[in-house]
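The chain below stands alone, shown as structure tokens; this is the form predicted alone.
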């Protein structure tokens, strides 16, 4: 049992070594928490881009339930045609409709995973709390099924999320609005893939949704 515990600790230390270092404090900082706390319906204008160029301006409608950790989403053209209809839950993403460009590869599934990263707090307790070299307050979680998630707050008050691979490669960066009313008033997401892509989301409407809806 003792050898197994030592092996697990050693693996944890090696994995963390590839991630940006955090300086621990005598009093661990409170974790930034911009995430939804009730079932909410959000409508955003979305600018989607790839390779540094804006490809489309779309409308995104999301119904997110943080208690159940489920969400459903639709992405529409300004004329109202649905390009993507999908849902996400503990078992992963389910794609009901996917037209170009969401019908290519794993883009639709990854977008749903990105929405869950943005709207739902990481599960469990953080494994580390501290301050980054840039002076950010950071809480680090072990992601499931693998990887790491940092939730941080900069000196300017803005909150963001970074997701890393198991080996410590930065895969996602999310920056949220410095807005007292809603962190989701403006969202910027940058994804590092074989073809990098970005989403810039501007809130149009947000409302609490009844549990039966």
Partner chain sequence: MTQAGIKKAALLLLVLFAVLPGGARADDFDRLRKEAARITTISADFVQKKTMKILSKPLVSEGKFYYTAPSSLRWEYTRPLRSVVISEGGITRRYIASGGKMIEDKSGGVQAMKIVLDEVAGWVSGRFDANPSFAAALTEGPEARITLTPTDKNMAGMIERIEITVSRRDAAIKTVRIVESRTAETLIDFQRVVINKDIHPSVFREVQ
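Positions refer to the first chain, counted from 1. These numbers come from a predicted model, not from an experiment.
The discussion below concerns the form predicted in complex with the partner chain, not included here.
Here is the short version: of 116, 131, 128, 76, the single residue with a heavy atom within 4.5 Å of the partner chain in the predicted bound form is 76.
The single contact residue among 99, 121, 143, 95, judged by any heavy atom lying within 4.5 Å of the partner chain in the predicted bound form, is 99. Not displayed here, the partner chain is kept clear of residue 90 by more than 4.5 Å at the level of heavy atoms in the predicted bound form.
The partner chain is not shown here, and in the predicted bound form it never comes within 4.5 Å of any heavy atom of residue 158.
Though the partner is left out of this view, residue 67 does not reach within 4.5 Å of the partner chain in the predicted bound form, counting heavy atoms only. Though the partner is left out of this view, residue 21 does not reach within 4.5 Å of the partner chain in the predicted bound form, counting heavy atoms only. Comment: 56-64 is the region of 161-169, 183-191, 56-64, 25-33 lying near the partner chain in the predicted bound form, near meaning a non-hydrogen atom within 4.5 Å.
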